[in-house]
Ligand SMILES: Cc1cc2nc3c(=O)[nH]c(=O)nc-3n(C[C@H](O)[C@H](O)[C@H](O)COP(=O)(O)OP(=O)(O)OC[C@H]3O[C@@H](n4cnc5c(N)ncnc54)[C@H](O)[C@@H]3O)c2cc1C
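Let's start with one chain on its own, the form predicted alone, as structure tokens.
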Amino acid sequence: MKNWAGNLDYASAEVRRPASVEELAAIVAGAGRVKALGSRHSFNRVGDTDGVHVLLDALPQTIELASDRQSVHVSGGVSYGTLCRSLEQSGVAIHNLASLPHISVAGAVQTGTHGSGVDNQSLAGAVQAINLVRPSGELVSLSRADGDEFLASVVGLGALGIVTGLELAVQPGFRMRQRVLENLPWDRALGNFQQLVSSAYSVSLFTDYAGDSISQVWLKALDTEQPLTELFGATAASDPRHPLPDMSAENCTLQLDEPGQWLDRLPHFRHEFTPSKGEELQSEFILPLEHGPAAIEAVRSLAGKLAPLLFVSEIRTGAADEFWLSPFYRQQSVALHFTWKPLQAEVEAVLPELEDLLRPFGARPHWGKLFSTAGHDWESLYPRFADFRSLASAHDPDGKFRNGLLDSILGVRAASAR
């Protein structure tokens, strides 16, 4: 099996497709090593195993709105696109979406995936409860009332259990408009950065860091917000745009300030079309919002090396949360996302230099994307990191849910703990 981008061959010895949660629990209980796979929209080995891979697409795909219409319970393998269509039919919404709706709910939440907006938490921010299969096969449910166990488990990298379901907060459905502005001068962008990224409900900047201007600014505004046709020198595009200049905007969500429902504006790409380039690589680094301008200037100093490897880079923001391993843990953040051409050796060669530039700004790598495993002071980046490592060892003393990447992050367990 390969991942979504095709850059990774999984190492599993066996693949199982359980048809029920009970069957999944039995597989987990009997396996030496096991990991779950959802949409496989991951670019590193965080979801890999040399044991049994369980695919969650044959499990019952349920979406159940609570009677008070304040939350929805969804199976972990359901995609955001499927979830959102169901929610829209009931007149409710979730607070935000990632750039593409094809990803699975469980996988996105476990790795800290997010959309944009200075006041919008990552996708994990909607989680009110989580259902897990522990290494023994035990089924557990945790809610916000469970405190630390819950806060550790939501963005859990698959280290604390396999997610079978989540309860997400919902709100009344809302309408939005989307507008693309072009050619934003760098000096004005960085000189007015806080105002720029706060100019709409969700803001994304697309660039390759070369030249004197940012090529595109995507503004996703609530229908009650004032439309913007000019912003710090950037002007409105006259036609729909794709983030990549050589691609048709046909597979992108509607622009030109045409009103529509939240689920048809918050993602960049429509659910019915193949997103982005497909054959690509991705990295992302999340750091405190106040360091955004200085960090971006540092990245611009590498533009000569980065631009030839990039399809595009996207700059987004996000609100703070309390999940122990969330890249947004207790900090309003800016996220620097890199969509690379499928040149893995060249990308991996430049990543250490890029990470060295971003390290002084407290950059946290996205758990599901490419990053160097060496050189990160995880305990400094994540104040509850040691607590998470201890909890993972307590729940999984034999390392059933571990793999090489998790060992490099959490530390190789002592022989007596195996």
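Keep in mind that this is a model prediction, so the values were computed, not measured. The first residue of the sequence shown is number 1, and the count goes up from there.
Same protein, other form: the form predicted together with the named molecule, not shown, and the subject of what follows.
Candidate site His95, Tyr201 and Gly318: all three near the named molecule in the predicted complex by heavy atom within 4.5 Å: Checked in the predicted complex: no contact with the named molecule for any of the three.
Arg40, His376, Arg389, Arg33 - the one with a heavy atom within 4.5 Å of the named molecule in the predicted complex: Contact check passes for Arg40.
One residue of Glu167, Asp208, Glu280, Asp264 in contact with the named molecule, assessed in the predicted complex (non-hydrogen atom, 4.5 angstroms): Contact residue from the list: Glu280.
Candidate stretches 213 to 221, 234 to 242, 101 to 109, 175 to 183, one within 4.5 Å of the named molecule in the predicted complex by heavy atom: Contact criterion met by 101 to 109 only.
Thr113, heavy atom within 4.5 angstroms of the named molecule in the predicted complex: It does: once the named molecule is placed as it appears in the predicted complex, Thr113 has a heavy atom within 4.5 Å of it.
Pro365 within 4.5 Å of the named molecule in the predicted complex, heavy atoms: It does not: once the named molecule is placed as it appears in the predicted complex, Pro365 has no heavy atom within 4.5 Å of it.
Exercise: Ile63 in contact with the named molecule in the predicted complex, heavy atom 4.5 Å: No, no contact at 4.5 Å.
Contact label in the predicted complex: Lys369 to the named molecule, heavy atom within 4.5 Å: Yes.
Within 4.5 Å of the named molecule in the predicted complex: residues from 161 to 198 (heavy atom criterion): Result: Gly161, Ile162, Val163.
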